[in-house]
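Let's start with one chain on its own, the form predicted alone, as structure tokens.
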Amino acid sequence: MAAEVQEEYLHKGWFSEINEMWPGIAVSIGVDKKLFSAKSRYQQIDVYQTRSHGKMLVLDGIIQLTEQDEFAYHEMMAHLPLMAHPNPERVLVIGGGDGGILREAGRHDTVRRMDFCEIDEKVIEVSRRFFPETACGFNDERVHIHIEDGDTFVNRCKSCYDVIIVDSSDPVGPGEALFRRPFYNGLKQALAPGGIICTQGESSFLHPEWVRELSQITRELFEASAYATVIVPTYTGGHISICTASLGPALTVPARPMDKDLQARLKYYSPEVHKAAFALPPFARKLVEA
């Protein structure tokens, strides 16, 4: 039924994100035309030209990014953990076939190697074609691409990475395993001493059960854990949460000064925003401390 309603809106010039993950609420964005549509082995991939947000990537009917506001999510997902680490050299990115996390992580001169694990090669192909300013991260010579399941990949790694960033889809279909305790056990064993993980943490408003679950898992497995929030207008609810955890380093403050040239290129992240992102309202604080 959701797909039928979605098609009805498209005929009227609107894409409407209608999904069982968030019943009773939808995000609608005016579109001029559909630029691409195909079903990969894992999911439906669509690209739209919107009227006000540039091109938009949609997977299984869920908005992944728009050109207008993708920087907010990608900057915070990358720079929160990378700036919390005193010297990040080896980075693993799981998911995020659009390449945005790689683009941001590559801005750090300390980084010597970035392994990138994505289960759906088609997403990379489509992103390179339609979102070159985001997918430019794949052009970095430090990037090594692995097309496989992130859960499988991470369990082969032992004390390999200073920072692991999990840019997962929502906990349905192929992304569900990335929200479970066994996966976080794998992330922990893949970290080098003093390592940090950062994962897509859903919404305190829309998915309090997942926020509570991930908070409990990370509290029990890691020495430090903390939840942050980032504003992304085209995500349902207008925001997304970020789950962070570490084997030692503090998470809520940067561990080193921000390079002035790097800061000049950023639109959302700053040391001040880093600290402020972890200031949660009381209802969300109760979730992460439950």
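A quick note: this is a predicted structure, and the numbers were derived from the prediction, not measured. So that there is no doubt, residue numbering starts at 1 and follows the sequence shown.
Not pictured, yet referred to below: the form predicted together with a small molecule.
Pick from 243, 31, 63, 230: which has a non-hydrogen atom within 4.5 Å of the small molecule in the predicted bound form?
-> By the 4.5 Å criterion, the partner-contacting residue is 63.
With the small molecule left out of view, which of 170, 162, 75, 115 would have a heavy atom within 4.5 Å of it in the predicted bound form?
-> Looking at the other structure, the residue within range turns out to be 170.
Just one stretch in 33-41, 235-243, 48-56, 258-266 has heavy atoms within 4.5 Å of the small molecule in the predicted bound form, so which one is it?
-> That would be stretch 235-243.
4.5 Å heavy atom contact, residue 200 and the small molecule in the predicted bound form = Yes, residue 200 lies within 4.5 Å of the small molecule in the predicted bound form.
For residue 22, is any heavy atom within 4.5 Å of the small molecule in the predicted bound form, or not?
-> Looking in the predicted bound form, residue contacts with the small molecule include residue 22, since a heavy atom lies within 4.5 Å.
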